[in-house]
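The form predicted alone is given below as one chain in structure tokens.
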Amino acid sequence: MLQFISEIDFIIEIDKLKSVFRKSLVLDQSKNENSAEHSWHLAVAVTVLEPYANFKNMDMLKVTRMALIHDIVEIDAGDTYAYDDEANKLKHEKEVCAADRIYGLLQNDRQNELKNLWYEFEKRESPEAKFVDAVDRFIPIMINYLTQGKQWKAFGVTATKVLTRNNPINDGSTYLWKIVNEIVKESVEKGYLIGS
């Protein structure tokens, strides 16, 4: 049997991200998006939304790489719905185990580089991580709004829950946070979100 280098084994493994489906819909509402589609969308979004970051002189290569690898752990851990309080209690623990296994497929230097980048995103301590996290949170809100709150309604999500959970957007982009507040207000008025 053909033997591959560890980098190719890793590339083969991350193909599984295409089979991890999220609660978010694609905009035409024909299907739920998968985590690979979401990661690509996020990588493009951080590129075009860079002017709206709270930070100047970010390392945009790091931002893009962070966007591309941030959800690889979902291959093992699955996607945890943002507003599922019970499932979110175990999310971090499951994702750490997944990071150890999946990034562990790589050789030491590359393994440490990508795993550390993932941890940096998770901790939201650097300007790059705060910005990627802000856009990562913004996109599903925008999609929910543009699909008339279909998934918000399906899961009984409230305006308070959306604002509370997504408050860290303000740390990465005050501009996007302002848009989120407008979206939530209008979504309540239109009946897309429960107004409490």
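As the structure is a prediction and not an experimental result, all values here were calculated from the model. Numbers follow the displayed sequence, beginning with 1.
Absent from the display: the form predicted in complex with a further copy of the same chain. The rest refers to it.
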Interface segment, criterion being heavy atoms within 4.5 Å of a further copy of the same chain in the model of the complex, picked from 149 to 157, 162 to 170, 125 to 133, 28 to 36: 28 to 36
According to a 4.5 angstroms non-hydrogen atom cut-off, is R65 in contact with a further copy of the same chain in the model of the complex? yes
Taking heavy atoms and a 4.5 Å cut-off, does L114 contact a further copy of the same chain in the model of the complex? yes
Contact label in the model of the complex: F55 to a further copy of the same chain, heavy atom within 4.5 Å: no
Examine I183 and determine whether its closest non-hydrogen atom to a further copy of the same chain in the model of the complex is within 4.5 angstroms. yes
Residues in 110 to 139 close to a further copy of the same chain in the model of the complex, defined by a heavy atom within 4.5 Å, in order: R110, L114, F138
